[in-house]
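Shown here is one chain on its own, the form predicted alone, set out as structure tokens.
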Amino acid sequence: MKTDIGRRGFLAGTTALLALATTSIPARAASGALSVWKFGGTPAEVEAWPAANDKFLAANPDIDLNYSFFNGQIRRQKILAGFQTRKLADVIIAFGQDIPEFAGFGMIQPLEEIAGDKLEGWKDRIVPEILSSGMHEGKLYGLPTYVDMATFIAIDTDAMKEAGYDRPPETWSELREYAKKLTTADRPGIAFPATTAPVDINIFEGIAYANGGRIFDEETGKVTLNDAGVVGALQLYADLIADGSTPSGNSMTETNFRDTAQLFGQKRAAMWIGLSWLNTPWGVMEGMNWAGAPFPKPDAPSGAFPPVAAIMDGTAVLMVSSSTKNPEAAIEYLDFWSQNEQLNTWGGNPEIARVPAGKSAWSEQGLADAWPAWVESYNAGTLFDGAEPMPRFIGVSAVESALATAIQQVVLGQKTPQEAADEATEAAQAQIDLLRG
């Protein structure tokens, strides 16, 4: 039944509310059911998260936490299905790259509207450049715990020295030279993943963006997969294969980032291309000596856009569902993960595979021991110079799907880089036009 409220009743109600607002009322502890979906993570992180959840429950005994973990590569499908069936979790821990789509489809809500005075504490404790990875159109939609950066290369330093080199390659031409010289009868000089897994696509995007490429131009609304910078990066993949420096057969389109890291860690590849964590989550065989370095830069960038030093994204960003019935408990959970004790998980307690979001994590000895160059650059204020967010816009899923097809066509020798990029651009633009009306 519809109820009409007259002007006098409205004013009386407003007066009562104002009186309540000015009365000192103790904040009530969050309570009730809270569902959390966590997507992806390194082995150490996957173990550490539930252990931290136990601490959260001990501090919040009135909250009934239902925590579920899923593979990070299915996140978009799982979250979209949950939204469509109205079974989306209260808190989603996914990738910052997903935020524009999730916000655009009304799946998550701005945190400023529900976080209250906790927001200032988040700003105090989290590195500003990393906190911005949770923002979209000027609003904070996600609380990041760390970021990954692309693209990097790992190299077997013993193999490098045997080949007569004293440093990792620094240019694309040097990379090809190294890869050929490091190739032996039973070991390719370089391995890279080319499956349709989102991380494999991000690895490629880092190479293309450093070459002045982009996958989408937000100013014009045009897909730019056939930009010369992207085509040039596709050509680099094709050249490494043509040089005979990569694993044989179709294995690259079936071997994702994790499996490629293991190839390297077992000395079955002399170099491999990945994100900033490289082999720290997966390990290497006993006695193996290796080093990580930024991926070599193009000899002469060919893209139409400014080259970037790196692209980065938070892959454990906490977001609050727009359909949650318990925003108080959701915010309490986010605030728990904003505390230094939890953020220091990525300062070497126990994880060293990520670029930490927490300012205090950068003072942890574990991080300094694992990545002294990172810590030195962070302290000098240069770690994020020239870095940009990984591609993030409404329709990114469709564009990256088309890009994955193009990468596989090139790797399998089915199409030239230009042919594959042109077809991918046309297919992705059709999807973008549908999404944007």
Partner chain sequence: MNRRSDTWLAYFMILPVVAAVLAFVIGPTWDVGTLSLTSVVMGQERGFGTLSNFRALFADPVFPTVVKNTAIWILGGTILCVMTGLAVGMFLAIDSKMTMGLRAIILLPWVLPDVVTAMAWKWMLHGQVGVIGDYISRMGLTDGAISFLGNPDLVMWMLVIVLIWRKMPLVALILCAAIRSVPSEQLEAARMDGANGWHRFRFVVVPNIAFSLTAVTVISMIWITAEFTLPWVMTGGGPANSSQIMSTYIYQQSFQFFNWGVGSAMSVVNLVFLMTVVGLYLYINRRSWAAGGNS
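A quick note: this is a predicted structure, and the numbers were derived from the prediction, not measured. Residue numbers count along the first chain shown, from 1.
As for the form predicted in complex with its partner chain, it is not shown, yet the points below apply to it.
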| E101 near its partner chain in the predicted bound form, any heavy atom under 4.5 Å? | yes
Would T42 count as a contact of its partner chain in the predicted bound form, using a 4.5 angstroms cut-off between non-hydrogen atoms?
no
### Task
Report yes if any heavy atom of N250 sits within 4.5 Å of a heavy atom of its partner chain in the predicted bound form; otherwise report no.
yes
Might A30 be said to contact its partner chain in the predicted bound form, defining contact as any heavy atom within 4.5 Å?
no
Which of 86 to 94, 226 to 234, 327 to 335, 101 to 109 lies within 4.5 Å of its partner chain in the predicted bound form, heavy atoms considered? The stretch 101 to 109
The one residue among S302, Q262, T183, Q342 placing a heavy atom within 4.5 Å of its partner chain in the predicted bound form is Q262
From S322, T196, T157, N279: within 4.5 Å of its partner chain in the predicted bound form by heavy atoms is T196
Of the residues spanning 207 to 223, the ones with some heavy atom within 4.5 Å of its partner chain in the predicted bound form are none
